[in-house]
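Next up: just one chain, as structure tokens, the form predicted alone.
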């Protein structure tokens, strides 16, 4: 009996401890057009993928916050606010966020809450200059963050992610890329790509001309590479990923031969090019032409391209 009572006592104590750390209310954040707005997948820190609303810069972000105290509990607070934050997090400094966009709306003055209450909010024509990005060493995210301030105990915080994509019109100038590369008296090739700026669903068209061939080429391929640079100075980290490999030729070319290039970008998970975003990170894309000779020596030439998001019609 005594042992049984001890078990009961321990069980009560465990419930008490759990209850002490459980927040005294539930918070939910909803968008007014949540049922009709397009949803896109977003990978969270825990590796799970969730569907979140999609916005673009200059849109209104409107919704409501529902705060529901636990039944029978009084919630004392020093005010309630909602923030719209655009943040950059570098993974070598995980947990430290750089806010490049920060807007706030006060929802409630200090007081007490006894029953559930709904607070409407609106952020009008929000400037969201950068696209959401999840990279190897950095992420750029947008969140709505509700904070209930309290005395003596920790604040109660709830956040809701959303994704931003910004669209670019067709560039007025889009020059082709022409280059000559070679090894003196051994190999001389000329390659041409139809343009230097490509949208995410574009097709890379081009030609490779062999002007001089005195080494035995085994094969030739075209790679799409993404280079992510984070940090600055001695804390600069560079990660290069090969996103695609496309075989252009299998076998030895002869002088005067021309090899066509036709590479569709839509199957690959590309983002737009990011150039020095708030001095925190850059993401650049390169076309890497690789030739392999019969002794497995590799010859390559890399050329940067600009990738942008074209408004889908």
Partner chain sequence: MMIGDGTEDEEKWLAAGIAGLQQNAFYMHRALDSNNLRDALKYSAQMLSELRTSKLSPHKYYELYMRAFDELRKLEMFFKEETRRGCSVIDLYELVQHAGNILPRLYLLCTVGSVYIKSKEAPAKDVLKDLVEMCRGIQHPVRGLFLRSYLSQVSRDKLPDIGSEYEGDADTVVDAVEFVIQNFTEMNKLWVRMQHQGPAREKEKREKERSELRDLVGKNLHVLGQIEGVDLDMYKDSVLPRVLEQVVNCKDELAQFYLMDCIIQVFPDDYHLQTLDVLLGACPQLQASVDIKTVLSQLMERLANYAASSSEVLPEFLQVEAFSKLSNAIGKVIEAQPDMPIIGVVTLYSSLLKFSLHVHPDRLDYADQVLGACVKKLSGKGKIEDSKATKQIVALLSAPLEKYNDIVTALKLSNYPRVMEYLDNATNKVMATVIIQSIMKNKTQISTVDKVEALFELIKGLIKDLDGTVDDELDEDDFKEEQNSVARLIQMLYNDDPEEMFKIICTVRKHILAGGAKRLVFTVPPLVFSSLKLVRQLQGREENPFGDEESTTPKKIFQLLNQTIEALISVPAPELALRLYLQCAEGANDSDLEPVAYEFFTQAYILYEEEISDSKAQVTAIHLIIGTLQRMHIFGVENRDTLTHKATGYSAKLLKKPDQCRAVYACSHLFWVCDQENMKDGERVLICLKRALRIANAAQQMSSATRGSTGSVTLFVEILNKYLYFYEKGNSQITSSSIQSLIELITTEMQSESTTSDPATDAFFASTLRYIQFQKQKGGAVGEKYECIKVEL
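Numbering follows the first chain given and starts at 1. Predicted, not measured: the structure shown is a model, and the values here were computed from it.
The protein also exists as the form predicted together with the partner chain; that form is not presented, and the subsequent description refers to it.
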message: Only one of 257, 64, 33, 59 gets a heavy atom within 4.5 Å of the partner chain in the predicted bound form. Which one?
response: 257
task: State the residue from 248, 42, 29, 270 whose non-hydrogen atoms include one within 4.5 Å of the partner chain in the predicted bound form.
output: 248
message: Only one of these stretches, 275-283, 51-59, 258-266, 65-73, has heavy atoms within 4.5 Å of the partner chain in the predicted bound form; which one is it?
response: 258-266
message: Residue-level question: is residue 207 within 4.5 Å of the partner chain in the predicted bound form, judged on heavy atoms?
response: yes
